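Let's start with one chain on its own, the form predicted on its own, as structure tokens.
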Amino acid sequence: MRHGIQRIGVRLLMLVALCLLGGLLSASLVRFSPGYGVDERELDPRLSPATVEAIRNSHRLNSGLLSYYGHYLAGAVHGDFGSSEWLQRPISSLIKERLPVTGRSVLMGVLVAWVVALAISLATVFFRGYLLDISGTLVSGVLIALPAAVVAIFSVYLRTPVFLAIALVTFPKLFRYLRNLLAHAYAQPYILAAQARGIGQARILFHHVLPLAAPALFALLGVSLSMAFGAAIPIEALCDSPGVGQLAWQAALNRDLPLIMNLTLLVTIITVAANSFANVASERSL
């Protein structure tokens, strides 16, 4: 138990280190991006030279990269992630409003993709028909070639929910891996012996196949969550869904650099956390 606690502690330290590194890279992109420190209010002819100089000085307070990132971390510890230059609202409140919408769409999309991919993979393994195998491979091959933006355009045209578009993007990657994983598990000698002795398919699946494939399935779950969250950004932007993806798209169009930095850091944290959870879960299942 002590060894398990130590491993969890090491994973948490790695998670914190990766998040800090991701934040530093995000701050670097913001700090050295074209147009940093330029305010549109400087072009207003109604402002006096003293007001324009005060606006410029406000952007020079943390002009260095390390001072900029240190000031950001000091505020983040107290829950202050800065304010959006475009919406003139605290970034923490914007993320708190938008993240549940994206979270529901991502979780439902991953759930639908897993159910459909697992059902078709099991049917392919059970029935072993060339027609089913070829049709599944053909459909997944066509879907995996479609960019998320194209899927989003079809979703807008057909007026389908956002989570179905996310599921459609995630499904082909899941199906290819699940089918190969289950085929490898069912090819094991002891499972073939169990089938020859007349043991039911349900018992073989839940007592032999799934425990054997559990580590890989947990790893695939973490990867699918990060893939679905990445696909949600262009899908929400094109489908006009009020989530984090739409917020990121609008922030990029309006050159809201502080908001873009925080959203980039949020994506980094979610991706690293999902992969760390998958690694810990797969290690515990061994």
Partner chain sequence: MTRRRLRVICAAVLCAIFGVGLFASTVSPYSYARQFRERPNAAPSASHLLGTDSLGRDLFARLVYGTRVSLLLAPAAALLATLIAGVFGGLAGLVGGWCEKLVLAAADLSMALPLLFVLLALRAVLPLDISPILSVIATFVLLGLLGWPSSLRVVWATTRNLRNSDFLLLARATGCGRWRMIVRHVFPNLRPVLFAQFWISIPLFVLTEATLSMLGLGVMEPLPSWGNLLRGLEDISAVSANLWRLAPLILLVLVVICFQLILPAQEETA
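In this text the structure is predicted, and so the values were computed from the model without any measurement. Numbering follows the first chain given and starts at 1.
From this point on, the text means the form predicted in complex with its partner chain, which you will not see here.
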Which one, Val110, Ile91, Ala148, Val101, lies within 4.5 Å of its partner chain in the model of the complex by heavy atoms?
Ala148
If we test each of Ile153, Ala194, Val116, Ala183 for a heavy atom within 4.5 Å of its partner chain in the model of the complex, the one that passes is Ile153
If we define contact as a non-hydrogen atom of the residue within 4.5 angstroms of the partner, is Leu253 a contact of its partner chain in the model of the complex?
yes
When the contact criterion is heavy atoms within 4.5 Å, does Phe229 count as touching its partner chain in the model of the complex?
yes
Contact between Leu18 and its partner chain in the model of the complex at 4.5 Å, heavy atoms?
yes
Please determine whether Arg176 contacts its partner chain in the model of the complex, using a 4.5 Å cut-off between heavy atoms.
yes
Does each of Val125, Phe127 and Leu132 have at least one heavy atom within 4.5 Å of its partner chain in the model of the complex?
no
Taking its partner chain in the model of the complex, which residues of 204 to 238 have any heavy atom within 4.5 Å of it?
Ser226, Phe229, Gly230, Ile233, Pro234, Ala237, Leu238
